[in-house]
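Heads up, the chain below is alone and in the form predicted on its own; it's given as C-alpha cells.
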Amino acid sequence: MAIHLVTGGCGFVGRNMVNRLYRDTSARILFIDDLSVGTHPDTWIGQPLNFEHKELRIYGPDERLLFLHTDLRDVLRELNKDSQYFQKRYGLNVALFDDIFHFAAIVGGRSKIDGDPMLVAQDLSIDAEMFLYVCRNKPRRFLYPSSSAAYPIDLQTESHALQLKESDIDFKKMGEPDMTYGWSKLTGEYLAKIAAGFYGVHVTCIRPFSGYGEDQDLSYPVPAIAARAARKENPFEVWGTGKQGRDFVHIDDVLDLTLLAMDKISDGRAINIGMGRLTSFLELIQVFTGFAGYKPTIKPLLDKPVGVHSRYCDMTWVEENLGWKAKISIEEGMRRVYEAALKRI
C-alpha cells in the first residue's frame, strides 16, 4: 500500500490535506506535527483511535491515518542517519514515501512575522533537513509550499502595487522578500530547483496567497474578522487603515490546484495560487458585517503591524498552462467562514 507523508499535518493546510488524501485515495497517510501551532488530531480527524505507542497514534478502522507527535527535525536527523528508523522505533515498515507534502513551518499572523522574526527563521533549518532527506531518498513526488511572502516587497507598496507574476521572482535579479519568513521560503524555492535539477527529484513549488477556510485558527485575519462580525463588534477595529489588501483564496481551491500541479510540474517551478483579485480589509469587514446585518463604525489601529500594502497575484500562467481557475468565489467562501464563526461564538 502506498504511503504519503504530510509534515505539519495538524496545521490549517496540513490537516485539510490529510483529510483530502484520506477521502480521495487508498494510501496510508503518515502526518507529523509537534503541535506548537497545529491542532491535536483527536479534535478533527473524525476517526477512532486504534493504536498508541510512544509518539505514534493510529486512527481509523483501516489504520490508514498515522500521527507522530514530535518535532520533524528530530525525525529527519534520525532518518538521514538510518533509513530503518521508523521500523526500529515504531515498528513501521516505511522504506520510501510515495508523495511528501512539506507543510511544516513556523507560521503565524502578522504579529509573529514582524514580532519574532528570528523564531520564524527556524524554517531554514526545517527545510534544510527536509531537502537533504528528499535528495537522498527520492520520493515519487515532493511538494514544497513557498509563499507569496517570497515576492519583492517593493512591488507591493501603496504607490507601486502590481499583480504579481511568477517571473517577478528571478534568482539572477533579486528583490527583498517579506521578513525572515519570506527569505526562508525564497531559500526553499532555490533548494527546490537544486533538488530537481541536480538530484533529479520530482519537485513542485506553490506560492499560495492568503488562504482561508472555515477551520482556520482565530489568530488569522479572516476567521478573526468573521467572529467579531458575528458578535456585532462596534466600533470595529482594523489593523492599520484597513485599505491594505490581499488575495484571499479558499483552502479547497488551494488543495485542488496543489494536487493538479503535482501531476503536471516536476522541475521545481513555483506557481501562484490565488484568485487574482485584490480585496482590502475594509471590504472584508463590509462583507462580514453585511452577513451580520449591521454597519459599524470603523476604528483604525495605526500602531499595529500591517505588512505590505498590496499583495495579489497574476494567475495567467496557471490558467493558460494548467487550465485552472478557482471555483469558490470570495462571497461564497466568506459566507462559509461566517457560518462557521456563528457556531464558535
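Residue positions are given as counts along the sequence shown, with the first one as 1. None of these values were measured; they are calculated from a predicted model.
Heads up, the form predicted in complex with a small molecule isn't pictured, but that's what we're talking about next.
Note on the interface: of 63-71, 274-282, 46-54, 300-308, the segment with non-hydrogen atoms within 4.5 angstroms of the small molecule in the model of the complex is 63-71. Using a 4.5 Å cutoff between non-hydrogen atoms, residue 107 counts as a contact of the small molecule in the model of the complex. Remark: residue 244 does not count among the residues lining the small molecule in the model of the complex, judged by a heavy atom distance of 4.5 Å or less. The closest heavy atom approach of residue 223 to the small molecule in the model of the complex falls outside 4.5 Å.
Interface membership of residue 12, defined by any non-hydrogen atom within 4.5 Å of the small molecule in the model of the complex, is confirmed.
A single residue from the set 266, 163, 210, 83 has any heavy atom within 4.5 angstroms of the small molecule in the model of the complex; that residue is 210.
Comment: the small molecule is not present in this chain, but in the model of the complex one of 126, 191, 100, 255 has a heavy atom within 4.5 Å of it, namely 126.
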